[in-house]
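The chain that follows stands alone, in the form predicted alone, written as structure tokens.
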Amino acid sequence: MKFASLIVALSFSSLALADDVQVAVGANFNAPMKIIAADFEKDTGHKAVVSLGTVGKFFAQIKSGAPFEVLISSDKETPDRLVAEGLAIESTRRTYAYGRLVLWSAKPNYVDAKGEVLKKGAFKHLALANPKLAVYGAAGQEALKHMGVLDAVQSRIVLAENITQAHQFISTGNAELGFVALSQIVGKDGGIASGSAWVLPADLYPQIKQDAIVLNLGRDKPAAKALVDYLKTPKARAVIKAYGYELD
């Protein structure tokens, strides 16, 4: 009886310590974050309340006092800026993934294995997340420069607010092709779920190092640091890898 009472007391104690944590998450990480957030709540009792968007907008919102406690960024530069402005805690920073850029079309056999479709130019619209706000958009723009086709396709670029919207433009046929994150189109077997795609070589765009960090509002909140640390657990890393990200 005493042992049972102790178990009950510990259970209630754990629940009492459980907390919600407000998390800003880069749009590229939407699919894996759904799984990780569910696992995090199951394993720790803490609940991640997720807001998706572009890191450029999140930076402005955090500066303006948005109630985020953790940023799971799609780059490292935004956490750099937040630390420099005294809005995030450097010691809590974790690199949780390295992103991979893909040229994708919802049409089968439309994008070839070397991206020659960009040079042929037989398309009307190319979806690209706004390079000023989204790191994957900036990476796509750099890739076009490296390939020497940016000027030729510039008039056909359709800017999206983030890569979620870029994916929508392509999947609905409003753009024949465009740049997205590999995580958005990877299937259960690790291949492309639908359409056709070219996974760009890493030397065509700057490395997409993705960091998570506790923001000032989460400084004294155990749930905030617990979430950032959870991204480095074997369970979370397995999910991240399954969605096509590279790990350190």
Partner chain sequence: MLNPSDFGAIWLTLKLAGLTTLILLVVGTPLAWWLARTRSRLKGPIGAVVALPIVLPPTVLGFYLLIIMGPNGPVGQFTQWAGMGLLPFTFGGLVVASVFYSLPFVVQPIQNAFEALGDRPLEAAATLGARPIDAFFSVAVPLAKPGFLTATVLGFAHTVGEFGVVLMIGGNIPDKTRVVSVQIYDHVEALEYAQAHWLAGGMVIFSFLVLAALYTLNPTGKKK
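All of these numbers come straight from a predicted model, not from anything done at the bench. Numbering follows the first chain given and starts at 1.
Keep in mind the form predicted in complex with its partner chain is missing from the figure; the text below concerns it.
This chain appears without its partner; in the model of the complex, the one residue of 87, 153, 159, 147 with a heavy atom within 4.5 Å of its partner chain is 159. Only one of 141, 105, 78, 130 lies close to its partner chain in the model of the complex, with a heavy atom inside 4.5 Å, and it is 130. Checking 111-119, 87-95, 168-176, 69-77 against its partner chain in the model of the complex, the stretch whose residues place heavy atoms within 4.5 Å of it is 168-176.
Among heavy atoms of residue 34, none comes within 4.5 Å of its partner chain in the model of the complex. Contact check for residue 60: a heavy atom falls within 4.5 Å of its partner chain in the model of the complex. Its partner chain is not drawn, but in the model of the complex it has no heavy atom within 4.5 Å of residue 210. Taking a 4.5 Å heavy atom cutoff to its partner chain in the model of the complex, the one contacting residue in 109-124 is 124.
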